[in-house]
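Quick setup: one chain, the form predicted on its own, written in structure tokens, and binding and motion questions come after.
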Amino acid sequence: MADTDKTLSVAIIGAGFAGIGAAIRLRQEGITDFAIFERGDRIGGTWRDNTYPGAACDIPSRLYSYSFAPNPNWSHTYSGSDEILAYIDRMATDSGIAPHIRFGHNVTGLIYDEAAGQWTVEFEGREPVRARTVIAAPGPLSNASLPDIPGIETYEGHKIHSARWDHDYDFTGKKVAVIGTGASAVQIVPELVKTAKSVKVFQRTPGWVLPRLNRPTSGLLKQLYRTVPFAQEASRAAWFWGHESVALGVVWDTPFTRLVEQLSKANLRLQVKDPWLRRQLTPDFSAGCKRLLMTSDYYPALQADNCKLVTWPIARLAPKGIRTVEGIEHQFDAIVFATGFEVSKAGAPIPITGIGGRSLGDEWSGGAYAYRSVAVSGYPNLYFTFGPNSGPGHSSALVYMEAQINYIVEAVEKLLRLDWKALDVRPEVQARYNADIQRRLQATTWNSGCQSWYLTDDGFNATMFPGFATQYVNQLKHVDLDDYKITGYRDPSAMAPGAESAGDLVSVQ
């Protein structure tokens, strides 16, 4: 049994960008009775795990950071994984939340105790912990996913997933395959071409590619950002509104979409001279339906003497390599799987049991949903970061994540300060919100017919937000208590005037 005498005010699951950011904002609001449970041995989340050669962010650093933790020292327009990880480390240290992190705590389940108004957090090989509120911040890109290819277990060479890179393996003189042509692959391939004897890139569908102009930040500009904070704020705002305008071309299929496609095709013509290769690299879907790829190095790498693009579908893996459907077996010393992650579009990331024994995994089996992506009816005092339908197609994930964190911290602060037992989304409010989200998604490029990791197998979009970042942020500006059922005050005398029972709706500001 958990030790109920040591109930936490807040349990945070995950020490990536979201978990660290939530902890910082809690501390800024005077809430210090929290713990961050991290299954690994260091913080960083996806940036701790993704250390493959060339790993970098495709969103400008000014925007891929928190406004409450600005960094004037970014070395380039776009930062590499090492620099991003150092930023996360620095946030944890400078904010004072590092002592709250408990490493080696792999969460295996959450169970809500309705009578006590508390969550039990269960761990692999450790005693459970109880908490009044839980912030689930495991991240959408936390579980590496190998593709479901027949024969994958029979391959005798070296297998490497992009998110579990083997830095001890020497690619020098090796014949290497790369499966996948997404955001990770276009960063990995240029690096492998520099060292491997040969590289074959297996492409299922090409992506729309735009150049990434990664300029170094001068010492003078860094000094300006350090001494004049407004300059950094203005730079961040400029990047924000620049990316916000991109939504007109990638979130919805508009004349601006054709402009994005023409820019991408011009880039392709400029960098790739062979007409047949250009044809193989030209998508047949609208820009934005899949994630745009930002790279200036991928096309030149594909044209290197030791690199070849393979567009025949993979039939199976064999002991010595990869067999494609036309009957050719390509043999390799190593296969790199740049195949992404298991994103929780259906089912819950861990077993979660709510009011009356209800299972979130069962309720999400047909596709995940939430209220404003952060809370789910029937699971009081439980909040998600980067939850259902919070994905940006055109802007920084951290802009969306910061809005979620601020909303969650406001809800948690109210619950703790007013000593409420439970704050639970009203089911009818949640239903209206998600019906509207799915209706709006039908008009977006993501639901226009291409296959992507944004959709479940039956086409349900549980991933993306159908609008501008401004719209997403504004909906999370404040917690509207009319959307919640407030129940079970610990101190009945604290109930608001006019409330007949602890189960009534109470509007308390």
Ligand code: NAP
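What you are looking at is a predicted structure, and each value in this text was computed from that prediction instead of being measured. Position 1 is the first residue in the sequence shown; the rest follow in order.
The next section is about a form of this same protein that is not shown, the form predicted together with this ligand.
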Legend entry - 4.5 Å heavy atom contact, residue 229 to this ligand in the predicted complex: no
Inset, instruction - Answer for residue 427 alone: is it within 4.5 Å of this ligand in the predicted complex, judged on heavy atom distances? - result: no
Inset, instruction - Mark residue 173 yes when one of its heavy atoms lies within 4.5 Å of a heavy atom of this ligand in the predicted complex, and no otherwise. - result: no
Inset, instruction - Look up in the predicted complex whether residue 339 has a non-hydrogen atom within 4.5 angstroms of this ligand, and give yes or no. - result: yes
Inset, instruction - Kindly confirm or deny that 371, 377 and 486 each have some heavy atom within 4.5 angstroms of this ligand in the predicted complex. - result: no
Legend entry - Sole residue of 390, 120, 181, 396 within 4.5 Å of this ligand in the predicted complex, by heavy atom: 181
Inset, instruction - May I ask you to choose, among 290, 105, 100, 132, the residue with a heavy atom within 4.5 Å of this ligand in the predicted complex? - result: 290
Legend entry - One stretch from 111-119, 418-426, 183-191, 267-275 that, in the predicted complex, holds residues within 4.5 Å of this ligand by heavy atom: 183-191
Legend entry - Within 54-78, the residues that have a heavy atom no more than 4.5 Å from this ligand in the predicted complex: 56, 57, 58
